[in-house]
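So this one's two forms of a single chain, laid out as structure tokens and tagged structure 1 and structure 2.
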Structure 1
């Protein structure tokens, strides 16, 4: 982790991700608020077949992001063993919660039917017991739960943005469990000091390590080549949408998850791209509410977990809702995480002008993609 922070090739993501963009087997983090919540839901759909759970961490400031609620809704509907941990530290960066958050935080999660557990970081025995109960419930019932964890951030969010009352910060610092350990007269304080010294001494070693040679890593980033190859639909007669339907059926047979709005039978999607497939492959065809960002994120998470995720957006015009998932997630995962991750998700949508469906149903947005 220290190598990563210093931009060294031995870093967890070869020095490319730094503090916010990290990936290891079983761990993933990213910068945009709430963006990984639906991704976690997609991973959770895969781990339902095991006894594992997905744990998704957010701060209470992320409750202002719409994709948070898309993920909560989808996780509940899909019965995913996902544990949503909301760390409530009373401040969204530097602004007090009273100015930014309306209503009850636990009720945000309860509104989607999630069993919601309350905990805090000053009562460690109770905290560990509560977290254990929450995880056991998610695992045993294959459904999402929430933990609203009251805590306090002792340091500034970033340099120069801390306007909190000094006495308030001092009170919480004095009562913080880490302060008890590091400043008390006990054997843990001695061990804490030894760890501090070990970390400090490692910096001297890490500073002399080489950085990743940029030219050897980056390569040609332009979309000049692709692994895909055009294959004529030999011997196939019929409309293009019928060929698309046949392709999606083939993917469903291979174990792909196809996720989109209103795509289940008997409707089969606005253009019937999945009609008939849901009847034969009910687990593969996942019909969702109107949640473009959420459903694309779920498909991305499923793909990150090593499966085949295909997201269908009813009209290409609505892909703009999913731009954060595409631009800040899917398009970057491979390189941002040091080429350790692959996200071979497919996003399918009808797009183009001349159909006369109006200003939000007949655009050509390919340039943005």
Structure 2
């Protein structure tokens, strides 16, 4: 796995998948939130014939995605031994759970008839027992169960993006089992530092390992050796994102609603397109749960009602979740309703590679639009 993280040919996915896209011996991970839940249900249909169960991990922020509920329903109806582990760490990227998730988390699972267990990552004996019971129930009854697991994330979500209260983080760091172990004065602490050293020295050797020769890998694909030349527009100063930010500020001033994931201040969006604007126009900048289909639909409704709705898709790759709204709605409201309706919605999204985001965060899907 370390080789994979470093993009080396010896990695579990030859260094192609990297941190978000891992596949090995019954383990599968992917970038788009929630998308693997129904896939887990499908795998579970097969393992039903064995003693195995499927365990699907999902963050509490992903409860914003509709596909989550489709998977819960399907899994219950198909009687699949699938253990849904919902890790509630109180945050979805930069957005606190209180602003992301309405109602009760355990009740979401109970609504589909799942036996729902509660656990946390601080009371370890109880955690072990609860997980054991949950798996036994799924296996014994061939039906899905849920474990709602309270936990906390100690580090930044991604590349150093952390706006959480420092005292809060320090509190959880101090009370984290890994801190108990590493700072203790016993055989576990000793073993911990041995493992730490082992990892450090592995990194030193792994860094010089070869990457997969790309030519051998892309031989069956379209030619990749193209170059894009960027010609700045006349009179254009500064970075593109600064122009986008200024444009969105003007639109907010004019009464537009700008809606998207993690776009409120202080974070201001994954690529900072709204940074600073939320403070001045708090009602205009609406941070949402992870719900691309939903948030694009909301922007469309706002536009149909006569105001300007601007939706931001955090990574252009996830516009696929909103395609129904775009293809079967937004693109044809005008003509479908005999030119009586107009839906001047703007959907903005960054697309493209070169930032090291991997297979599900670096595509150029413009042609579908």
Ligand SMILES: Cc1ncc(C[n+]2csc(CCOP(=O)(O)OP(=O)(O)O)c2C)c(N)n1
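Each form is matched to the other, and the largest set of C-alpha atoms that superpose within 1.5 Å is called the rigid core. Because the structure is a prediction, the values reported are computed rather than measured. Positions refer to the first chain, counted from 1.
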Which of the two shown is the form predicted alone: 1
Core-aligned CA displacement of residue 194 at least 2 Å between structure 1 and structure 2: no
Exceeds or equals 2 Å, Cα of residue 340 between structure 1 and structure 2, core fit: yes
Residue 41 C-alpha relocation of at least 2 Å between structure 1 and structure 2, rigid core basis: no
Per-residue CA shift, residue 289 (Å; core superposed between structure 1 and structure 2): 24.7
